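To begin, one chain is listed below as structure tokens, in the form predicted alone.
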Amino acid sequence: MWEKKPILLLVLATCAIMVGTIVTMILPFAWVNTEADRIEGVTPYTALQQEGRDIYIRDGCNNCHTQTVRPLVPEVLRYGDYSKSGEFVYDRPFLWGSKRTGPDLARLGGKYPDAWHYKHMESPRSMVPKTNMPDYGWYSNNLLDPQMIQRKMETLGFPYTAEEIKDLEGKNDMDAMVAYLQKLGSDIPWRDAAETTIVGDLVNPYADANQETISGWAPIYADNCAACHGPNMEGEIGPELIGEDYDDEILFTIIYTGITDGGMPSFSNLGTDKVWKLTNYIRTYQAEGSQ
């Protein structure tokens, strides 16, 4: 029937497409980035952070990393609270992405100290042995050009003062990239809400493990701790562990929940069994090193 009335079919199809376009594209653009949509605490990028963002785009980092946590249980458990539109009011363009060759970065800011990022950008495998991310050590050799940055900022209408531009002198691409990465997700207090809480008494299931058994847990330390605390617990980005005198419960809690202010992430993703093995391994070698 309809195929015999092509003009009517065309009109109805056009109407259907227009309704779909309005509902899925036009209305969302009208709803987002309004005053009601904004999140208190979300601030514009500094000049250094904005330059780091430009470098991130220039070198195609968004081809491997997303910057949005979807409202799905596995996503939230791995990356933190799901993303809200108000977090991106200062992003031009958005860098949500859809391909994760590398992990999502939306909640990266504050997870690690600056020193971790500098070392990771210079040699990713020194921090994450199995990564296929290329080295970006050459960033340190590229000094920023404050005059060029100022021209870009003026063209785009970003409100940076002459003093803020002057502060870029002597900075390089690596400084800008680290500043940008530390900004991501740091404007909202999601970590406070997602803080891991241990309920009940802690009982060490491996308190009676022998030396041979504990030595077999060395790979867990090597894979998760050595990059920051050194292969022999001598300290590097993180503090030296030899000679410390934490009891089992305190050390387990530190590893499991992390230290937000100190830039140590939670290792609750390892599960309680592996965290207890780490606890016993570190405690054993702390005692040996202090003798």
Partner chain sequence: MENQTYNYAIVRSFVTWSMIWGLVAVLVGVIVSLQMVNPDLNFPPYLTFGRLRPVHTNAGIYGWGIGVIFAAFYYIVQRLCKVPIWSDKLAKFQLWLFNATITASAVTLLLGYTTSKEYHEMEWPIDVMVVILWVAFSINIIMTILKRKEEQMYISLWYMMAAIVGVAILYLVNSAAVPVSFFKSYSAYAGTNDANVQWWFGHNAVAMVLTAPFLGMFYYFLPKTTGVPIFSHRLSITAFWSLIFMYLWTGAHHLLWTPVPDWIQTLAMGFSIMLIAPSWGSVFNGYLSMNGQWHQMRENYLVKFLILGITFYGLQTLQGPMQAIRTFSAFIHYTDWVPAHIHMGTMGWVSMICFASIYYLIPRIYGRELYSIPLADLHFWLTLVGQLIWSISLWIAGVLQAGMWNAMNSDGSLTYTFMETMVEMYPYWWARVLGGVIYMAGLVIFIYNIYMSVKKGEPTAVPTITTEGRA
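Source: prediction; values computed, not measured. Numbering follows the first chain given and starts at 1. For the two forms, the rigid core is made up of the largest set of C-alpha atoms that agree within 1.5 Å on superposition.
The next section is about a form of this same protein that is not shown, the form predicted together with the partner chain.
Engineer: So which stretch, 208 to 216, 174 to 182, 124 to 132, 160 to 168, is the one near the partner chain in the predicted bound form (non-hydrogen atoms, 4.5 Å)?
Structural biologist: Result for this chain: 124 to 132.
Engineer: Each of Ile57, Asn63 and Gly271 within 4.5 Å of the partner chain in the predicted bound form, by any heavy atom, yes or no?
Structural biologist: Yes: Ile57, Asn63 and Gly271 each sit within 4.5 Å of the partner chain in the predicted bound form.
Engineer: So which of Leu72, Val203, Leu143, Ala115 gets a non-hydrogen atom within 4.5 Å of the partner chain in the predicted bound form?
Structural biologist: If I apply the 4.5 Å criterion carefully, the residue I get is Leu72.
Engineer: With the partner left out here, check for me: in the predicted bound form, does some heavy atom of Gly109 sit within 4.5 Å of the partner chain?
Structural biologist: Judged by the heavy-atom cut-off of 4.5 Å, Gly109 is well away from the partner chain in the predicted bound form.
Engineer: Examine Tyr221 and determine whether its closest non-hydrogen atom to the partner chain in the predicted bound form is within 4.5 angstroms.
Structural biologist: Output for Tyr221 is no: heavy atoms all beyond 4.5 Å of the partner chain.
Engineer: In the predicted bound form, does Trp190 have a heavy atom within 4.5 Å of the partner chain?
Structural biologist: No - in the predicted bound form, heavy atoms of Trp190 and the partner chain never come within 4.5 Å of each other.
Engineer: Look up in the predicted bound form whether Ser186 has a non-hydrogen atom within 4.5 angstroms of the partner chain, and give yes or no.
Structural biologist: No - in the predicted bound form, heavy atoms of Ser186 and the partner chain never come within 4.5 Å of each other.
Engineer: Across 152 to 187, which residues bring a heavy atom to within 4.5 Å of the partner chain in the predicted bound form?
Structural biologist: Result: Lys152, Thr155, Leu156.
Engineer: Any chance the CA of Arg92 moves 2 angstroms or more between this form and the one not shown, core superposed?
Structural biologist: No, shifts by less than 2 Å.
Engineer: Superposing on the rigid core, is the CA of Met153 displaced by 2 Å or more between this form and the one not shown?
Structural biologist: Yes: Met153 shifts by at least 2 Å between this form and the one not shown.
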